[in-house]
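Quick setup: one chain, the form predicted alone, written in structure tokens, and binding and motion questions come after.
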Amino acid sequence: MGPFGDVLAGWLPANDDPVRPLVALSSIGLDGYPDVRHVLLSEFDDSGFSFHTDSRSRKIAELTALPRASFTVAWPELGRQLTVAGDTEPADEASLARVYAKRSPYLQVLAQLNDPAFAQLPLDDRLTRWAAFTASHEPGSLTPPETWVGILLRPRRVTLWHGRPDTASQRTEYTREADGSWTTVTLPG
């Protein structure tokens, strides 16, 4: 993954851990303004970081128009923050079923039902439809809907922030060069 791989292996949960980090994902909106939202980081490996979502979402439209994004995840209690910026592309097809199967039953149902028409229903109707859907499907029986997609973010810059209460914080920043090598600088926090 780069010279930061060992650190990330200690900071991020293993890909088979069902508890996924919540990251603030930023893209460039179709109106030219930054757009940020929280998503679950699905997996990470030598190729990059992936997340999975609905193909009809605004973030997918934005990443299709301009395939660049960044995300940040912070662990303030540990004095850590990770920021990644890079280029995006569709994640491999094999990840779709694998990641979906690891999602909680709630998130699996959400991927099935969460569309504009469902969102506009009154609360009582949403509750009734949700309950009917879950009652008619055995836990673990759902497969990804056709709208389930993955995005791979290939890092160009990775910043590890290290904070401490007894001295100044610092950032270690890794930048991927055109030849694929990485440069490293230490910056003030």
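Residue indices: 1-based, along the sequence shown. All values derive from a computational prediction rather than experimental measurement.
As for the form predicted in complex with a small molecule, it is not shown, yet the points below apply to it.
Taken together, the three residues 108, 112 and 137 lack any non-hydrogen atom within 4.5 angstroms of the small molecule in the model of the complex. Only one listed stretch (30 to 38, 157 to 165, 137 to 145, 120 to 128) carries heavy atoms within 4.5 Å of the small molecule in the model of the complex, and that stretch is 30 to 38. Taking the partner from the other structure, the small molecule in the model of the complex has no heavy atom within 4.5 Å of any heavy atom of residue 9. In the model of the complex, the small molecule sits within 4.5 Å of a heavy atom of residue 103. Taking the partner from the other structure, the small molecule in the model of the complex has a heavy atom within 4.5 Å of a heavy atom of residue 53. Among heavy atoms of residue 26, none comes within 4.5 Å of the small molecule in the model of the complex.
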